[in-house]
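This document starts with one chain, in the form predicted alone, laid out as structure tokens.
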Amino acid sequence: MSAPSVSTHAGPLSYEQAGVRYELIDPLKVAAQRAAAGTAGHLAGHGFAEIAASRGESAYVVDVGPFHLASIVECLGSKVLVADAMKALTGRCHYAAIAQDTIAMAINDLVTVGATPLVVQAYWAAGGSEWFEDHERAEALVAGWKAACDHCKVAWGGGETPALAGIVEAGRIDLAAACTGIVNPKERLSLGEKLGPGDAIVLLASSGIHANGLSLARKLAERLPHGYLTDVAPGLGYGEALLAPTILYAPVTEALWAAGIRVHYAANITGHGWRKLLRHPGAFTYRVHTVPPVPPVLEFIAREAGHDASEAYGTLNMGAGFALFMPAAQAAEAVRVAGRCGVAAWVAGAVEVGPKRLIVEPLGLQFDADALALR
């Protein structure tokens, strides 16, 4: 049962009003990708070569001979501000969960290319040395970081903990993670070269907002009568719901490979919401016939921000945190494998011949090719 509406009738709240404008951010990403591509030749001097198709994907892949190496760096973003606000309101520390969120941002991107995560590095940039005086918070960050590494069977190699007074706001911390992985055997690489009509779309459940859309979620809190303490469902407060840690999908992708399931392509559903299902550069129609249940916090955000289905699903994960594209004959088993890993999954749709677009039939939604410009 969802919570009753608590809208203050301040009008719809868009992601742009919350300070995030992808039409300004994405062109810089594209320009950076094009400049970076010009550096690929340096690898030849070491006897290696890039996998060019990995440019524009969630992780960069290098052919080093007997196997591929994949790498990624990701920052957490503003979810720490929710954790800090909830500590002030309730006295409860959420930094163990925040650590998992940070690692998930990197690892969940890395595994989209078929990589097994090997090493994670930490970047914890505080607004001053005094941030580390809160021993409960610092210890929770360390413990949560190690627990997430253990869950994914990845080594924590080290990191950097600068105190950046004047760059990072006093009392705050900017968290990021870098991850290196191995694609071995090489045939495990999943950059979409085998994706084609007839493939099934399998969606893996999210735990809530994960770590994307927090700028919108924080802005919305300012409108709510009780802020982060507003109930989104009976017994579930808004702030607590926002801080549910991001699911780590590496155990699922590892289990799928071990079970003989061959993923043709994968997408981490983060910023841009379900538009990420259009990430593959090819021209295919993606038809979704089954939509996962929406977590209460995302249903609440969409309702209270005045979002229609198009804006909600084009911004937030709406219950689907990760998408897998695979042979239809293996999709049902993939759902069972994910379930054994503790992650709900659905055979949600199929890849078809047609123009590049995403059709979400139960919601009457369509996103065309121009809805996602990441290359």
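What you see is a predicted model; the values in this text were computed from it and never measured. From 1 onward, residues are counted along the sequence shown.
There is another form of this protein, the form predicted together with another copy of the chain, and it is not shown here; the text below is about that form.
- request: Mark residue 342 yes when one of its heavy atoms lies within 4.5 Å of a heavy atom of another copy of the chain in the predicted bound form, and no otherwise.
  value: Taking the distances in the predicted bound form, the answer for residue 342 is no, it never comes within 4.5 Å of another copy of the chain.
- request: Find out whether any non-hydrogen atom of residue 172 is located within 4.5 angstroms of another copy of the chain in the predicted bound form, and reply yes or no.
  value: Yes, residue 172 lies within 4.5 Å of another copy of the chain in the predicted bound form.
- request: Report whether the minimum heavy atom distance between residue 198 and another copy of the chain in the predicted bound form is within 4.5 Å.
  value: No - in the predicted bound form, heavy atoms of residue 198 and another copy of the chain never come within 4.5 Å of each other.
- prompt: Should residue 235 be classed as touching another copy of the chain in the predicted bound form when contacts are defined as heavy atoms within 4.5 Å?
  reply: Heavy-atom contact with another copy of the chain at 4.5 Å: absent for residue 235.
- prompt: Counting only heavy atoms and a 4.5 Å cut-off, does another copy of the chain in the predicted bound form sit next to every one of 265, 299 and 359?
  reply: No, because 265, 299 and 359 lack any heavy atom that approaches another copy of the chain to within 4.5 Å in the predicted bound form.
- request: Answer with one of 229, 182, 294, 205: the residue that has a non-hydrogen atom within 4.5 Å of another copy of the chain in the predicted bound form.
  value: Of 229, 182, 294, 205, the residue with a heavy atom within 4.5 Å of another copy of the chain in the predicted bound form is 182.
message: Considering non-hydrogen atoms and a 4.5 Å limit, which listed residue (255, 224, 97, 178) is close to another copy of the chain in the predicted bound form?
response: Checked against the cut-off, the match is 178.
field: Candidate stretches 72-80, 240-248, 277-285, 257-265 - the one whose heavy atoms come within 4.5 Å of another copy of the chain in the predicted bound form
entry: Going through the listed ranges, the match is 72-80.
query: Does anything in 96-124 come within 4.5 Å of another copy of the chain in the predicted bound form by heavy atoms, and if so which residues, in order?
result: Read in sequence order, the residues that approach another copy of the chain (within 4.5 Å, in the predicted bound form) are 116, 117, 118, 119, 121, 122, 123, 124.
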